[in-house]
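First come two forms of one protein chain, each written alone as structure tokens, so that there is a structure 1 and a structure 2.
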Structure 1
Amino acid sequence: MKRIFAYLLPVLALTAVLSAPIPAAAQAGDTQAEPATESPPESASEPAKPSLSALLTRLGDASFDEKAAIVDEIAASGDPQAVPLLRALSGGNLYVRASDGLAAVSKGEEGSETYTSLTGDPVEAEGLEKVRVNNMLRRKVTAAVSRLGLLSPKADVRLTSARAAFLEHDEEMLPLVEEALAKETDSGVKTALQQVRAAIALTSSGVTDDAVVAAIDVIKDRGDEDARNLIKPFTESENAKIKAAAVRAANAINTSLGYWAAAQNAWYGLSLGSVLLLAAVGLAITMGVMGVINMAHGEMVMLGAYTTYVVQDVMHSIAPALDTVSLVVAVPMAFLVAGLAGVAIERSIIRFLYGRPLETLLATWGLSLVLQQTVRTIFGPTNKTVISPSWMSGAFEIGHLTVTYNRLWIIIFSLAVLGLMMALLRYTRFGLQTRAVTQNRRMAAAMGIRTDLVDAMTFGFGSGIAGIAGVALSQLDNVSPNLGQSYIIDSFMVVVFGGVGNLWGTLVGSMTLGIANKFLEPYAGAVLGKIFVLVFIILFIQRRPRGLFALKGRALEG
């Protein structure tokens, strides 16, 4: 009974404070101290509790185990400052003055941080010691905060707390869960709480067989990995009724998870395919239209990625508030930088090598070495940080399908780029001329098209698209001088597999290879999967020596 009180008291006391949404885990950036709104009457009538500052004086140089105990005491103290305190603690921003137990929260970059007390008053940095936390403590804090959140007036807070509680499903939480369930009006939260109750029933002793069967049914509807793990021990139960229910539930979950896993693999494949598409589509243009094998294509991607880095850096120093849009600004910039580099390369090297596709391969290989070393000399050999804006971080779930925002955006982005390119080639004068040159260079020239100009523009265009790909890849991969090299071979495979010079071929090719790779990976492993795909391409080319969508052009028939 006393234990229930320990939970209920702070819950009641802190309801007001908790009206602000609490993230699942407090992060470093989000640690602003919140002023206490009101002092609950209960805490005043409970003189036995040690005061917060007494606890804080001990926090400074306690071991991690001692700190964990103190966290429990803080959560149970009923002090309105407990929640902001705990959040600052788990974010690593809590400082304590050992002499009097004054707590302060740091704000701002390291080296120039300012300190405020929990009530928002500025505090001198003198004598403050950082309270060190580790993962165990962070977990402890998250659990404490989320338990307190089960009775929050906000439905989304309750839902988050209920989900966290499901993973914990601690027997001691049962009274709290029951109480929350009795009050709950939101159906989603109600289901979540019922699942918590069922999970507790499955893991605690002294539960009747019927209750277990009922609990299995509730858990079954959840249908995910956690549910399967909870039910699994009961599939070997000695009680026939429980065993039957558990086996039925496990089978149902397995079937549905199997479909979800396939969907997940397909999604991964699409996402890998979109990366390949971005990397290869510029190559498809230059190779198809001009018959140029551009081994420096990967370096154009790299230039795009470095442009992203520079744009982000410059924008951060001019207008830090615009950090989230720097990626958007980087897209046209990367197109320009890589495109101009492409035009320069075409004018200075490639135009002397037309009709000699195999020799452009050699010259552009030399060029790629030079470009890599140039970037290495200017920016240094180490990776550069490109920060992901908030709208590209994290994930959401559709059923049991995890969709990460960055992958989603990159798929959308790659399709948009492809669509734009197709439209450009289809509906503009530049596109018309490009297609004419692709199909019959001499005839196009005879019709008055300046083929050399078209060549320069096309090469610049293809390179610019590669630069755009670099912006996207900076979100997934290293921004380093070696970035381009890791994509060049894959790009070639995509283009050759899909059929040189055919954008639909590139699309189908990249998606096929991406999905094949991802379906093979769980069975064969990452390395063997890739080898199988390569062997498949080699064999496929034997069947269709001009790729999936053969183009009736002549440029590459060396």
Structure 2
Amino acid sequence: MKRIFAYLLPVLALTAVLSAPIPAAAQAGDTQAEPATESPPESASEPAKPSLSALLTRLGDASFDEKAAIVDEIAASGDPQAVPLLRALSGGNLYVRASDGLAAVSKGEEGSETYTSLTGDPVEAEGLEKVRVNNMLRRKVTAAVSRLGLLSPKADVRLTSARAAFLEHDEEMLPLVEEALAKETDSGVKTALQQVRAAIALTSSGVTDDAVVAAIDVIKDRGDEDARNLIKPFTESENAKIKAAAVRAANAINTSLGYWAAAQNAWYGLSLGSVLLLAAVGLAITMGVMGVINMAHGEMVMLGAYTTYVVQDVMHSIAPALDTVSLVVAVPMAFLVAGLAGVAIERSIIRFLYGRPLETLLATWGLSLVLQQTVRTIFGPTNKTVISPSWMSGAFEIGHLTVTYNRLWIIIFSLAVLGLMMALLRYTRFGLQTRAVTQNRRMAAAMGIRTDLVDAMTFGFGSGIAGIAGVALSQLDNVSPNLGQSYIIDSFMVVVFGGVGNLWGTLVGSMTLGIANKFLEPYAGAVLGKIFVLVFIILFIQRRPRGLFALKGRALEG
């Protein structure tokens, strides 16, 4: 062992010496050291690009030729504000303050303009001077914006720019499109760029017949109105080959657009059906339990809409940061306001008119006029606007079908309300008593159920659901004293068609009538379409007086 350590000790000592760091002074004085192989920093070899504000200070007083050169520098600056700045310049809305290079965009009519920065912040008008443009400069700016968009590192920006370029189909953009195609890796953007190239081919001169046919086949796959309009002139071409390809493509596009139009009508029908469902579901329970034709049901919807307006206005004045949740807060508030109003109406008027349907109808109709005038006196005759929260704004596309977020949320909301109502009527004591009174009022009273209390609670519950419908309608229409009158007749048709007191019938009836209305409107118009639906319902109830889904054992008192 001693001999082994005697051999290892010098080796360990030599290793420690060799691995020790070399002092900085020795490195600096070592003339035999190898020269550094690292290249100098890029910033040292290339001149620094001027800032956007520095370019803007030169833009105001420059000549048009100088402005064109500055546009190239702005496009090459890589600043994220370059694209909105160039778009404002092209539209003639760009103002610059020479003292600090501040850019502002004008809004409003001449003489009453307001100015905002590129980020949307308000800007004082003092010192701002408009940047003049001519046609040459506009073309320069358009080309720069297109280049920035088509070569952007973000795929969604490239796709948006490609779609815009398809509508312009400018022949001068062909080299840029070819350059973007050569670099493109996203399949969706690549397809859009190929369609741009095909559109340019169709609108350019000197293109061979085979190239025109190939371009028509590419644009056919786009399948929208813009593609059809671009192909339409070639359906009358004297060249048989081109004409055949164009007619074939136009027929394919027409068929595709027909299917998408039907899908769009079905979506609009579902959207209208969800509104009718919310407006009619409370009425269905009221008529099923009490046998009362409540002509003031639309005013319960109106009260819910005005409650939404008040809640949003109060929350905005107290805590503007909570604007996005004001609609959520308005739902229970609208239910309470309309529900309490419904209980008050039942206790003060309707309870004395049971078994007298004509008097009930006249009394509730007169009450609806009183409620409208009361609201008109308090809030004024002008319409009130309820602002949609950010999560209900905007839309998205599925193929050629446009789906707006507000209508999508209303469909989900209406189905959720229907589900909660079904659960309430199925699994609670109130629901059990309500179903008992609906099926046989006398037997329910004989079993000890207070039918008068059930009537009041049911009327209040149905009115509260109508108030919730007002919350949803405030996102689709202006809030006005006449809001409920637009839906009361359709609500009665839904209830009669689906079956009085049956929630499944109300769901099927509202969706059926909503879709039928939207499919009839393009051919017969809105008014005549409603007349056709009304005639159909009249004929239908001649065969099935209790509607699609009649409740067994129900004893409605007429």
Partner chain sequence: MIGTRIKSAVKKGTVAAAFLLAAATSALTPIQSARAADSGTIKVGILHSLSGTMAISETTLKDVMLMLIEDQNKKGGLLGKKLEPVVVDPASDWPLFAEKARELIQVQKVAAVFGCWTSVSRKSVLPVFAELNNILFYPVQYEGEESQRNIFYTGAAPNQQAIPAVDYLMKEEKVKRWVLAGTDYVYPRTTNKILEAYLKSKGVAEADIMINYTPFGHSDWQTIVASIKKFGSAGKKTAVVSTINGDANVPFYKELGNQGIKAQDIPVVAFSVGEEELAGIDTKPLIGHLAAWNYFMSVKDPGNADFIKKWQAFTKNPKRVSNDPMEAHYIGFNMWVKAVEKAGTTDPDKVIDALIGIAVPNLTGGYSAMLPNHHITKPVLIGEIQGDGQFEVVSKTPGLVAGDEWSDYLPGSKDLISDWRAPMSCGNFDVKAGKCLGAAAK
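Rigid core here is just the name for the largest C-alpha set that superposes within 1.5 Å across the two forms. Just so it is clear, the structure is predicted and the values come from calculations on it, not from any experiment. Here, a residue number simply tells you its place in the sequence of structure 1, counted from 1.
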- Task: Return 1 or 2 according to which structure is the form predicted on its own.
- Result: 2
- Message: Please identify the hinge among Ala279, Val386, Leu148, Val212, treating the change between the two structures as motion between two rigid parts.
- Response: Leu148
- Task: Would you kindly give the rotation angle of the smaller rigid part between the two structures, in degrees?
- Result: 59
- Enter the rigid core superposed C-alpha shift of Gly355 between the two structures, rounded to one decimal in Å. 2.5
- Message: Superpose the two forms on the rigid core and tell me the Cα shift of Ile70 between the two structures in angstrom.
- Response: 12.6
